[in-house]
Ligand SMILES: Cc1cc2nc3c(=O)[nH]c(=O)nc-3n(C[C@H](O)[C@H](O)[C@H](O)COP(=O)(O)OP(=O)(O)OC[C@H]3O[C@@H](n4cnc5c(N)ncnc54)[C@H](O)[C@@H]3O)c2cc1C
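This document starts with one chain, in the form predicted on its own, laid out as structure tokens.
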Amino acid sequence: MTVLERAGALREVGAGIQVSPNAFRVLEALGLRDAITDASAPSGGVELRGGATGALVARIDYARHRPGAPFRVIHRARMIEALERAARARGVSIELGTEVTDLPPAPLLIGADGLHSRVRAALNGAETPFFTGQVAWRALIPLEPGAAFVAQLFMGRGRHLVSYPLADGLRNIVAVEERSGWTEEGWSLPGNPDDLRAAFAGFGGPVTGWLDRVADCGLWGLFRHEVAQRWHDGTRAILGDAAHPTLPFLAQGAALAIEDAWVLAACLDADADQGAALARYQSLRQPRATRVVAASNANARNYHLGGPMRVAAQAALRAGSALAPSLLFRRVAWVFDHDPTDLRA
């Protein structure tokens, strides 16, 4: 197997990835449990907080609802390092600095080539994504002493901010703002930290202090893509963002790609008929991806409520968290409980 990578080096780019149990099951099956655990930090759950005050609205406690399940967070570069080492150890050739401008003939070509996938276009034709009216910043700052290892989501009118600790003394920040201006699609475009601070100036709690420490950030426009209709043609296949670009409101973009990769390889291993194996891969993955993408789209609306709707929604969350603490988790349990290593799932 040969991997063609456009980047000239596997550099320190990107930010945090949440590795929920559905993705961790694949990494464990690949023999990477210890490598990922050593390079990552635990995630104890999610706290939903009001943006203006930082007051706690509701909490999802992972240990309470899925004791022992591995919820981890990791820097993207650390994840890539672990996967690269494992791939090379198994004889995979990785050719860096290789940009694919024309799709080469091959017995099997897998397009894991992201949002602007050439392989997806070859399979499905040209498509025009829909700008959601939202832009997002990514940033990393030093982690403050005594930080709780939970994800905190601060909700405000037309915007929200998510932050969680990573390993190596870092804090990851993703901040989303509604705006009418069109921003280029792509997750690594340079942003202005002063613009980030201005957009979230009305947020309270620890947010102001965090943003004061941002020296560099990335900015990208959020576009909604349909899940691809065709995932293969018998000799070419797509996975991850090439098949189902996912908005970052359920933290499942990387997890879905990891799931895809396992299922694709398992289907190919199980069936000597490559066309049949690829058809099975699509039939197993397309419904799952479609459901996760739809859930992520719905969260984009829920996080940005304003006025009376926000007050009512947060009151309902507080009551539900106090009276039925398992209810919030049950709404997303289907995401985490999925086992992609079981092809019957």
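Keep in mind it's a predicted model, so treat the numbers as computed, not measured. Numbering starts at 1 and follows the sequence shown.
Not on display, but discussed next: the form predicted in complex with this ligand.
Item to check | this ligand contact in the model of the complex: residue 235, any heavy atom under 4.5 Å | outcome: No - in the model of the complex, heavy atoms of residue 235 and this ligand never come within 4.5 Å of each other.
Checklist entry - Taking heavy atoms only, is residue 252 within 4.5 angstroms of this ligand in the model of the complex? => result Residue 252 belongs to the contact set for this ligand.
Checklist entry - So in the model of the complex, does any heavy atom of residue 343 sit within 4.5 Å of this ligand? => result Outside the cut-off, so no.
Next on the checklist: When the contact criterion is heavy atoms within 4.5 Å, does residue 267 count as touching this ligand in the model of the complex?
Outcome noted: The answer is no: residue 267 has no heavy atom within 4.5 Å of this ligand.
Item to check | The single option of 98, 192, 229, 93 touching this ligand in the model of the complex, heavy atom within 4.5 Å | outcome: Spelling it out, the residue with a heavy atom inside the cut-off is 98.
Next on the checklist: Just to be sure I understand the contacts: of 214, 121, 112, 143, which is the one whose heavy atoms reach within 4.5 angstroms of this ligand in the model of the complex?
Outcome noted: Contact check passes for 112.
Next on the checklist: Taking 4.5 angstroms as the heavy atom distance cut-off, pick the stretch from 84-92, 195-203, 236-244, 150-158 that is near this ligand in the model of the complex.
Outcome noted: Among the listed stretches, the partner-contacting one is 236-244.
Checklist entry - Relative to this ligand in the model of the complex, which residues of 193-224 have a heavy atom no more than 4.5 Å away? => result Sequence-ordered list has one entry, 222.
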